[in-house]
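Below you will find one chain, with nothing else, as structure tokens; this is the form predicted alone, and questions on how it binds or moves follow later.
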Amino acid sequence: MTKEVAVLGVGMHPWGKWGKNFVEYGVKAARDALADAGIEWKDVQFVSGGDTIRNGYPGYVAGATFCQAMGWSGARVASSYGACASGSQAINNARAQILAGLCDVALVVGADAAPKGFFAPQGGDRPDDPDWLRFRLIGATNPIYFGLYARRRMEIYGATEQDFAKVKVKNSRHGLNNPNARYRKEVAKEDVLSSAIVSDPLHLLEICATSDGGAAMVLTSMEYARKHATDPVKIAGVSTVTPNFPNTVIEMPNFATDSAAAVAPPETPFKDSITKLAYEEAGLGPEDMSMAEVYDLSTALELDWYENIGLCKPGEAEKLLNDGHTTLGGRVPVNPSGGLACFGEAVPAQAIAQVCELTWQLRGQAEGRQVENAKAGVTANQGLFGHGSSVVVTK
């Protein structure tokens, strides 16, 4: 049985700080996706929502929240939470319904109204919650981790602050012509390095912001899609993997790893395994990818992803960047959308937005940032507590 489903429509609410309810962002994105697909709300048989924990009870049941806002229609519904991987879980749930033959048309929606500044733990005392503990006991905000990861890269591979700054310069250039991006301003390396230090060695312009925004997509069976489109873009593989024991690399929100004293580390580390499964499902490899959308919480983390998704060997990311291979016009442009550097984090929408960008690219509709001869693309994302996220999209 084929694992492919069609991306019949995509839509987005621009990222920014709009001061509205997250539902408005999701509804706008959903309506745009339906219009792009050329179908009506009543045609949707299944709604898959990406949850947000910051917006009260409606955020925890996002699928039903969006259904109510669009107008109750009797559609089946599900809601998913996997932190920053919530969107990919919502995509995977919709894909599973279609491949199981339970529906032909599914709508996937994620939206968020994020707080200003950096993310903080939810209210209340929860001493058995590692996310609460890392904030309350040692003051480890997300940027603290980003800085530690950057230092690790410098120590192991000899990365420099100049390398990190070049990632921001590249992404700012990519996002310049993206109408959905929050930050549409090209910056120079000097601008990056002169901005305030947030978590040494990372500067303010090297760490993504928190944003409001929404993204949506209409997924259908291939049979349904062929009746509505001549050459639909396809989702060929999805990965929502968790780590294998022992996980010997620190991941947020933990400050300790599993012990490898009795059991050897897995052959494939967690972050490498995320896209590995998506590639396997698609029957493709990194060498087949025309582009990638990766989770650039910081400039240094983008370099890590080059290696994790197989674009180069460990320690070669800086060379790949400096040789121009990951910029538009290069061998495999990374974050042609501008990435989180230009969007910021609207958590449950992020993984969906990545697939929206790949869809526009594969259709040749990414005006001002188009990857030439794009045939396939991969996304990479990661949620707290061991949530992998990767989607392979093809023509």
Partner chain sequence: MAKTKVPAIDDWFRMDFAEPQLLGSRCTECGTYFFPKESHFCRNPNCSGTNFEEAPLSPRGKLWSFTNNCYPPPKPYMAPDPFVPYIVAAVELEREKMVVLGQVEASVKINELSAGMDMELYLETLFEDDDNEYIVWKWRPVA
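Just so we're clear, the structure is a prediction, and the values are computed from it rather than from any experiment. Residue numbers count along the first chain shown, from 1.
A second form of this protein, the form predicted together with its partner chain, is not displayed here; the remarks below concern that form.
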Where, among 82-90, 189-197, 269-277, 167-175, do residues come within 4.5 Å of its partner chain in the model of the complex by heavy atom distance?
189-197
If the cut-off is 4.5 angstroms on heavy atoms, which of these, C103, A96, L284, I144, is the one near its partner chain in the model of the complex?
I144
Using a 4.5 Å cut on heavy atoms, which of M222, V77, A229, A260 is close to its partner chain in the model of the complex?
A260
So in the model of the complex, does any heavy atom of P121 sit within 4.5 Å of its partner chain?
yes
When the contact criterion is heavy atoms within 4.5 Å, does N254 count as touching its partner chain in the model of the complex?
yes
Interface membership of W72, its partner chain in the model of the complex, 4.5 Å heavy atom rule:
no
Taking any heavy atom pair closer than or equal to 4.5 Å as contact, tell me whether D323 reaches its partner chain in the model of the complex.
no
Scan 211-246 and note down the residues that get a heavy atom within 4.5 Å of its partner chain in the model of the complex; none is a fine answer too.
F245
